[in-house]
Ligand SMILES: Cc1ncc(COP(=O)(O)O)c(C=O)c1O
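Here's a solo chain for you in structure tokens, the form predicted on its own.
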């Protein structure tokens, strides 16, 4: 591990490639894109040596390739993990990781406030394969009481989507490990700039790399980070299901990771400014952001998060419902309505109509998602300009 996160991000991820230039007087400053689906060999023993892990090299880009490995190496460094894998999407990273540790007849305990696609997978799709899931409020319920003899893993998010709630990561990890379970946690909203869950006891950290890790709204990807043992349990499933990203996506992800700390610091600083503005606005009923001293999660977040940063995501409830939310969305000038998050510019999403659209009304109510709730992904602009745009739209309701 490097002493500095920013140094690690900038000086990791190309070591194996540069060995090829050991006898050259110069090396490429930018890691190349390896646009090849296969790799050529002179003889059979050379292929055998790679398959048997007796030599370094690549065979077929559906299995692994240099650009995916470079991005994985940088991310492992950033998260303090021994190893990492990158995937073609965040959902493929989550689904394949879960399938690596459960089978028919097993049981999972999960928090209920999750990205909508993950909630659908856990609550509906896994039933088809004989895996049962119990949803427990990790902040107010007793996780340990929900465990069964057939429980295999615990799943949650470091910052829940969309309420930005913060679980006690170390406490959950302790429960998991006392019972011999794996603890998987989605760190998409926070990234290793804000919190390193592995240091708090998580076994596997998951990401939608489409979001902050990519950070420029130009790739779709996923990633997981953990120990060598845990990663090697996931790797065969990644290869089997064919979810390795392409070389261009791997290259773009590695490029973006170089500036992750700079970007997340600005995202976080801007988000706190905007959250404080919204908290004082008469048209806003409630603001969800753990950086606010008024947040019930503030002290827990402060104890777990790094450098006084709380991420670039926040949600807020309007004093009203769908009509007021629609008015705000259509009245914004610079902030666009986007069904995703974590690009360079500030965007807004409407959870009830996008990410959590397929929650039933009862599920939305239990999760605290209302028809007047909007989610902001705070960008890198001047925060005064973000606030001015929001203020103008709020004046329309």
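Residue numbers count along the first chain shown, from 1. Just so it is clear, the structure is predicted and the values come from calculations on it, not from any experiment.
FYI, the form predicted together with this ligand isn't displayed, but the following is about it.
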Options 284-292, 91-99, 167-175, 227-235; stretch whose heavy atom lies within 4.5 Å of this ligand in the predicted bound form: 91-99
This ligand contact at residue 111 in the predicted bound form, heavy atom, 4.5 Å: no
Touches this ligand in the predicted bound form: residue 161 (any heavy atom, 4.5 Å): yes
Interface membership of residue 341, this ligand in the predicted bound form, 4.5 Å heavy atom rule: yes
Partner proximity in the predicted bound form: residue 261 to this ligand, non-hydrogen atom cutoff 4.5 Å: no
Option touching this ligand, based on a heavy atom within 4.5 Å in the predicted bound form, out of 157, 203, 249, 79: 157
Heavy atom within 4.5 Å of this ligand in the predicted bound form - residue from 211, 119, 196, 182: 211
Triplet 115, 189 and 221 all within 4.5 Å of this ligand in the predicted bound form via a heavy atom: yes
